[in-house]
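First, one chain by itself: the form predicted alone, in structure tokens.
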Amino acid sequence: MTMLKELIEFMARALVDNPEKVQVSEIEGEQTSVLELRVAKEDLGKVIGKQGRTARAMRTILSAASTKIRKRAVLEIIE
């Protein structure tokens, strides 16, 4: 499951001004895995995007990648 964690981390680091402050933690359940993304406060808008478009795109990519390994993953952006 670390592949999904690395994927989210890679995407987030590419978007933000402070890539060293990007943290992704993983809470793994039996069928579902929750990935929590934390970024610097000033980078929160960049990760979410206008009307949540960037966050939605990241969730779509995560969904496609998790489907490929037959597991369900949820992305939560923590303030």
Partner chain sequence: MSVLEFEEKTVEDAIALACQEFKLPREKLEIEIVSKGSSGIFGIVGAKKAKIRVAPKELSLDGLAERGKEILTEILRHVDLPTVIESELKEDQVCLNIISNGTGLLIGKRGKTLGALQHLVAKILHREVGENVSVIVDTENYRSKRETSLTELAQQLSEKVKKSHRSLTTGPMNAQDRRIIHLALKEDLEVRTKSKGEGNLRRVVIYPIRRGKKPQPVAALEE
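Positions refer to the first chain, counted from 1. All values derive from a computational prediction rather than experimental measurement.
Same protein, other form: the form predicted in complex with its partner chain, not shown, and the subject of what follows.
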> At the 4.5 Å heavy atom threshold, is S25 in contact with its partner chain in the model of the complex?
Replying inline: no
> According to a 4.5 angstroms non-hydrogen atom cut-off, is Q51 in contact with its partner chain in the model of the complex?
Replying inline: yes
> Is there any non-hydrogen atom of L7 lying within 4.5 Å of its partner chain in the model of the complex?
Replying inline: yes
>> K68 versus its partner chain, in the model of the complex: is there a non-hydrogen atom within 4.5 Å?
In response: yes
> Since the partner is left out here, which residues of 4 to 34 would have a heavy atom within 4.5 Å of its partner chain in the model of the complex?
Replying inline: E6, L7, F10, M11, A14, L15, V16, D17
